[in-house]
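Take a look at this single chain, the form predicted on its own, given in structure tokens.
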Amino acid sequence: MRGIYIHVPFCVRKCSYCDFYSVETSSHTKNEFPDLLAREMDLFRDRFPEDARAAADTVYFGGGTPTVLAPEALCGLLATIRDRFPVAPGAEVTAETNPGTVSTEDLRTLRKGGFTRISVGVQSFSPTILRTLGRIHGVEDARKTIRDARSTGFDSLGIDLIFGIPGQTCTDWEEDLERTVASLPDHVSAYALAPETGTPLHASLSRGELKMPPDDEVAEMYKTARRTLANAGYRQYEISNFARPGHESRHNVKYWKRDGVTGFGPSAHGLLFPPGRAPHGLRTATPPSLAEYRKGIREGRLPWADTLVCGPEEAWKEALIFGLRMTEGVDLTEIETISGSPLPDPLREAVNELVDGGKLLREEGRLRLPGELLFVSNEVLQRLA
């Protein structure tokens, strides 16, 4: 089973920390977007008919803020997908949303239209922290969106949080976690803020207007999240993701397990396995530009900026780096069977070095990161890269 990802590149206003591709746009641009996506799907079916016939068991609308589009438009896009590709019964169909962009009736329409999961970008329950992040919503907006998602029938609800924010204390973070747990979500994502070059937040930090919390405090916040969420019944299944049993994001697991995902929309990425052409995978990337995306579609071509045919070593490297983000780790025998090749010598040497140094644990053919190193996983995984 593969996944289908739709990147909706629209936001009401760009947040100060965000470097995902999104634009503040006109009604005309939003109105033409569903047609562009439909035409891209048709182009994909013409070029990759075998992949187009593969069933999808996850569909994920990300962005941007997908719910900037009218709920009828999102439901129409989901219908477009079902018209063109086989979607398995019981598929997980997710829409990201931000408080302040969706009403009770909007959520009811999405649920009736076939969406099964909603992921709410709360980020914080502190008004001060929300202002620092440049969010458009207030605390009550977040609470209302969570209540509305439940009342309209979404039985899989996720909340996104950010920690390590300028001005945020460990006490602030503990309160955010307590309010999150009290909201009874099924899934919680907790991400450490990484100021990206080119964002307003990064510029404010560079000018000395804001200051990041000390590293040891941010590490303590991560420990607090793991402890608090575990005590509340959430199982950590990935570095930044926690879920009640059965509510893990099936779509995101595909990325970490290197399963096939077809990406549509500007800045979308995909991993295809076209029969006989790329046994180790074909990576696709669409440029983060609505203008370039539109130009490609109107010229009758897939608007990809780049493709990469993966070889055995690339496939192994990705399988290890992505898979080790999951707390269950990776099964080396399984990867060898799927890839059709043994672990390449340079990677074997790196793995052995990390195991000998206690930075990876080897248990009955599986590799995983020790729990105490999850927060500094990039330093470990960089050795494999």
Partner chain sequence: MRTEHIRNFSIIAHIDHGKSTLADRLMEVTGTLTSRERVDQFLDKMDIERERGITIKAQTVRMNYRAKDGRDYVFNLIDTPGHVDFSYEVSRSISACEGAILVVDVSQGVEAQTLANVYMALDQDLEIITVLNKIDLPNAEPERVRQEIEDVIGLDTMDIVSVSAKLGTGVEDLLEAVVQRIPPPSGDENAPAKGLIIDSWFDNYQGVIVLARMFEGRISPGQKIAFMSTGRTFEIQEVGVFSPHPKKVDSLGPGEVGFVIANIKNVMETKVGDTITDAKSPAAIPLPGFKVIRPMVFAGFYPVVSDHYAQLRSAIEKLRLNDSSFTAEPETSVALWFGFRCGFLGLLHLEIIQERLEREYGVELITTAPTVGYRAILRDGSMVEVDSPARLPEPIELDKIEEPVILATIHLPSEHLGGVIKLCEERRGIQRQMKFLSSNRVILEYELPLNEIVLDFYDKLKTASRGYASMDYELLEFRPANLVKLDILINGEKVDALSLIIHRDHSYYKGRDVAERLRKLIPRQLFEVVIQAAIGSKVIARETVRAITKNVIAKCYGGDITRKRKLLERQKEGKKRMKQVGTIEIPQEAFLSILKVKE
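Here the structure is a predicted model, which means the values were calculated and not measured. Positions refer to the first chain, counted from 1.
Beyond what is shown, the protein has a form predicted in complex with the partner chain; the following relates to that form.
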Handout entry: Any non-hydrogen atom of D57 within 4.5 angstroms of the partner chain in the predicted bound form
Key = no
Exercise for the section: Tell me, yes or no, whether F273 is in contact with the partner chain in the predicted bound form, where a contact means a heavy atom of each within 4.5 Å. Expected result: no
Practice task
Give a yes or no for D155: in the predicted bound form, does one of its heavy atoms lie within 4.5 Å of a heavy atom belonging to the partner chain?
Solution key: no
Handout entry: Exercise: Y255 in contact with the partner chain in the predicted bound form, heavy atom 4.5 Å
Key = yes
Practice task
Identify which of A305, L229, I136, A219 has a heavy atom within 4.5 Å of the partner chain in the predicted bound form; exactly one of them does.
Solution key: A219
Practice task
Quick one: find which of 165 to 173, 76 to 84, 208 to 216, 101 to 109 has residues within 4.5 Å of the partner chain in the predicted bound form by heavy atom distance.
Solution key: 208 to 216
Handout entry: Heavy atom distance at most 4.5 Å to the partner chain in the predicted bound form, all of V120, D186 and M326
Key = no
Exercise for the section: For the heavy atom contacts within 4.5 Å of the partner chain in the predicted bound form, list the residues of 14 to 43 involved, in sequence order. Expected result: D19, F20
